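Starting off, we have a lone chain in the form predicted on its own, written out as structure tokens.
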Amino acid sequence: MAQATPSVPMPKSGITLSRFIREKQKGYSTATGEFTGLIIEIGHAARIITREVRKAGLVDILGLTGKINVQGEEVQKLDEFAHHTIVRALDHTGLVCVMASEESDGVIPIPDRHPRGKYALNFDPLDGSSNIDTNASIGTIIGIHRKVSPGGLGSVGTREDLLRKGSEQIGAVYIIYGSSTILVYSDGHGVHEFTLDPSVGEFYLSQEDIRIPPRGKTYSVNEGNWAYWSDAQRRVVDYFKAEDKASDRPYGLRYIGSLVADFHRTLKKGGIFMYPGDRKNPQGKLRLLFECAPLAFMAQSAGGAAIDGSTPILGIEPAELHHRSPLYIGSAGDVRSAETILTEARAGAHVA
């Protein structure tokens, strides 16, 4: 007797990324469907990158290219692949007027042979590159602005469209390539998570309207840099490590070394992620436009906060495409605690 073919369980929501965004945009009287199309194309790029990440140990895509990027860092093969995949997925869609990437020195124009749209994108094609060869989580981060340079729809985008404060973003996306591929996006009205079902090649809604807890129980920072930190930064870490039952401390330390993965855990569970400036990198190491601002947009949309130590990340005016910044991001209460300690330390140093 033939055995019955086992049924394949449907994702728990059954709601695809494209359906969710289209239905959500019905509530906006000015919606044109272009933002929906942009997120869907980003999802397409994410599926291609996922395919290469999944077989990275089987094909010649691990390791270094031998090139040095604009940051002075060695370029991983997957870095380069992800960069070109995102550009190719978006440059012909008629949705984007200009792009900039962490892996590229200047702006990435849309070729004359393709139509141009109203969105300008800043992106980190593959965050956490140092984790690639060890099979740890890596990711993609994208910040989205509307075109503001002269010329109107269809005209060439410029650096002016990219060098913008984070508060002027109209959307942000990040993708994590880990045990599963997860895409998280925000249009400023909620943060929504989708998980890739590889059997059908679709992203399905896995959590709607994520809210970051007011406080968490973990802090995330590279304590290997302790020797290079200021006394103020050491006080912040000492605060989270100190025992105090009233404030539910000490916190536990969690640090992956991949910003997008560390942020995703912080977003879901609360707490704080910190990458301060130090003696090696006084202005910080993370890139404002490609990493800090998109994730700060996410954090704020979810009820959290993000600062550079004193100034809200979303209020910083970038001086250049590769502007660097310290970053403190996560639960509003925990970020506020860090800010208070840093402010008091600066005041004390000034008095002294």
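None of these values were measured; they are calculated from a predicted model. All residue numbers refer to positions in the sequence shown, first residue = 1.
The protein also exists as the form predicted together with a small molecule; that form is not presented, and the subsequent description refers to it.
Colleague: Would Asn222 show up as a contact with the small molecule in the model of the complex if we use heavy atoms at 4.5 Å?
Modeller: So Asn222 counts as contacting the small molecule.
Colleague: So in the model of the complex, is the small molecule close enough to Asp308 to count as touching (4.5 Å, heavy atoms)?
Modeller: Contact with the small molecule, no.
Colleague: Using heavy atoms and a 4.5 Å limit, would one call Ser149 a contact residue for the small molecule in the model of the complex?
Modeller: So Ser149 does not count as contacting the small molecule.
Colleague: Should Tyr177 be counted as a contact of the small molecule in the model of the complex, where contact means heavy atoms within 4.5 Å?
Modeller: No, Tyr177 stays farther than 4.5 Å from the small molecule in the model of the complex.
Colleague: Just to be sure I understand the contacts: of Pro109, Gly257, Gly154, Gly190, which is the one whose heavy atoms reach within 4.5 angstroms of the small molecule in the model of the complex?
Modeller: Residue within 4.5 Å of the partner: Gly257.
Colleague: Name the residue from Gly117, Pro213, Gly277, Gly128 that puts a heavy atom within 4.5 Å of the small molecule in the model of the complex.
Modeller: Comparing distances to the small molecule in the model of the complex, the residue within 4.5 Å is Gly128.
Colleague: Where, among 284 to 292, 313 to 321, 32 to 40, 300 to 308, do residues come within 4.5 Å of the small molecule in the model of the complex by heavy atom distance?
Modeller: Comparing against the small molecule in the model of the complex, the contact stretch is 284 to 292.
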